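One chain comes next, on its own, written as structure tokens: the form predicted alone.
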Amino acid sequence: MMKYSKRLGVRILLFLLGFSVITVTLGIFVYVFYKGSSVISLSFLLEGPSGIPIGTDGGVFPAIIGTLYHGLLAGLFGSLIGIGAAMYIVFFSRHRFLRNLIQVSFYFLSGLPSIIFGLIGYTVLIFRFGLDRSLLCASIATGMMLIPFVGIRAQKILQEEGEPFIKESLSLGISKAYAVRKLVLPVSFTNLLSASALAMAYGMGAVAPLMYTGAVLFANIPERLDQPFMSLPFHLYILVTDGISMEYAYGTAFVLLVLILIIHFFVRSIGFFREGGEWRPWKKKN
């Protein structure tokens, strides 16, 4: 009887902890929407900021586009290096010391404060190389932060899904490079794309890497990579820090939450449209 009571108590506790995650998530969305509902409208989404001081009127459309551009470029930059390094570790590294050094570097970079990446990006790209504050500099600084985010996940994906193909291919006399290109990458593409999309969402919400490298209070939609841009998290930071408008700050925060939520839904829906999705509900079990 005592054992049953303990098991029941543990299950109830775990259920409450799991339910608390849902409560916190919904609570954040409801609270942010409630605080910013007075400014959320179609014009808020389709117009640029205005008013005196700037941000007390108008909308956040340039910030939405700038955030998407920045997240896409930063995710692409971080994914190329992260996935490439993971492929080298899993399939092509012949030196254990070098492999371990790359893995340690992944974990070291993942623990660095994001402001460090902004400082390095400013010092190297702008101060040393003389580049202007721009979308390119901000994307590179944020992309450096995303390298371990993608690399650690890509390494796990390639180990779980790719190593069996490599072993079977080598036993048949097929080269490792050919097996990686023709077998491993097509099979792992869905999960690697999911990791890259999550990195994009993570980069979209970062403020510190772009504070010194490219984000500004007001700018039009960037037409070139060497132009500054508006960003939702930086715009939110300025509105709150300077006390310009809390209503517009919460409205900006809600738009940012919705964008990130859309990306997460996109990632989760990939399994529906490609065989092999891990959570595909109608996938037949062997």
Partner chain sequence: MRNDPIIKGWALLGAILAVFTMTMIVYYLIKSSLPAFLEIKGGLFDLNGEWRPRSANPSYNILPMILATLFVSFLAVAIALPFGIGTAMFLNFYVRRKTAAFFLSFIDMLAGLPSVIFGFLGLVLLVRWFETQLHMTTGECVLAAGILLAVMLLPYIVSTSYESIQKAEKRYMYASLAMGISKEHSIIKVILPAIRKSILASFMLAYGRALGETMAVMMVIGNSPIFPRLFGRAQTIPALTALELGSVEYGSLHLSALYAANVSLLVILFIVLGTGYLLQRKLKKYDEI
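It should be emphasised that the depicted structure is a prediction, and the values quoted were computed from it without experimental measurement. Numbering follows the first chain given and starts at 1.
Although not depicted, the form predicted in complex with its partner chain is the subject of the following passage.
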| query | finding |
| --- | --- |
| In the model of the complex, segment of 56-64, 248-256, 216-224, 42-50 with a heavy atom within 4.5 Å of its partner chain | 248-256 |
| Ser269, heavy atom within 4.5 angstroms of its partner chain in the model of the complex | no |
| Its partner chain contact in the model of the complex: Pro233, any heavy atom under 4.5 Å | yes |
| Contact test in the model of the complex: Ile102 vs its partner chain, heavy atoms, 4.5 Å | yes |
| Contact label in the model of the complex: Ile260 to its partner chain, heavy atom within 4.5 Å | yes |
| Residues in 133-159 close to its partner chain in the model of the complex, defined by a heavy atom within 4.5 Å, in order | Met144, Ile147 |
